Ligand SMILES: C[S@@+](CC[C@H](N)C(=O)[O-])C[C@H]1O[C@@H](n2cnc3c(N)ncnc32)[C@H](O)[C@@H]1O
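Here we start with a single chain on its own, the form predicted on its own, put down as structure tokens.
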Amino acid sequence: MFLSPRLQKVADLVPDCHTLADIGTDHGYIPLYLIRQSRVKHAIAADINAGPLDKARRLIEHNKLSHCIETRLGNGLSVLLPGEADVIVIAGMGGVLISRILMQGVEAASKAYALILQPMTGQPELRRWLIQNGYGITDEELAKEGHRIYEIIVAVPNERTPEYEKDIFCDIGWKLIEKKHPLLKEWVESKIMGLKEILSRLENGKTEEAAARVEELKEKRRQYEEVYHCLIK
């Protein structure tokens, strides 16, 4: 079964387990792939929208896997009982929304062995929320599709990863720096370019608020450039 590079990286980070829950499953590709790879024994494919869930159900039935993949319609982690899923995947949503889902479903989230999270936006905010709420970030990955690079985070309840208590490592995941991820240099370059573009628009601002924002972004650019120079050594 073919997965896109983004979904393949998400699937690769799922540890072998008994029960996987894929929240916001869309077409159910990740549960299908992992069941067919014999890496999970049972899967729960959940979505808040009936349309995508119906498509997932039909695909599961077509593959004759209804006996080991069940579909559930519902909001976030409300579809799970605490301890029901060993691993929870939440992919393709904004980081702030993922944080809200985890907060509202704290009983199910905190009983999982691992969370595999793929935020489309708000990655620093998600990392900060995880650290502030007792989750350790034990691994990270990047996946490239076209010109876009996606970030994937592995979080574990009741762990502590002190490196992430520094703001710069919530912006640029410490685990990506630690492993010198092959896509990280390109990713950091794009972030530096983005900061330069924002600064060029803000530097003519005359208010104290604009000046403070410029200084804040210059410091962030300096930190990004420091990481970048470490990567090219």
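What you are looking at is a predicted structure, and each value in this text was computed from that prediction instead of being measured. Note that residue numbering follows the sequence shown and begins at 1.
Although it is not shown, the form predicted together with the named molecule is what the next lines describe.
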Just one of 147-155, 94-102, 108-116, 134-142 has residues with a heavy atom within 4.5 Å of the named molecule in the model of the complex, so point it out.
94-102
Quick one: from 186, 171, 70, 26, grab the residue that has a heavy atom within 4.5 Å of the named molecule in the model of the complex.
26
Among 200, 49, 66, 38, which has at least one heavy atom within 4.5 Å of the named molecule in the model of the complex?
49
Using 4.5 Å between non-hydrogen atoms, is residue 7 touching the named molecule in the model of the complex?
yes
Would residue 124 count as a contact of the named molecule in the model of the complex, using a 4.5 angstroms cut-off between non-hydrogen atoms?
no
So in the model of the complex, is the named molecule close enough to residue 161 to count as touching (4.5 Å, heavy atoms)?
no
Residue-level question: is residue 82 within 4.5 Å of the named molecule in the model of the complex, judged on heavy atoms?
no
Residues in 73-88 close to the named molecule in the model of the complex, defined by a heavy atom within 4.5 Å, in order
74, 75, 76
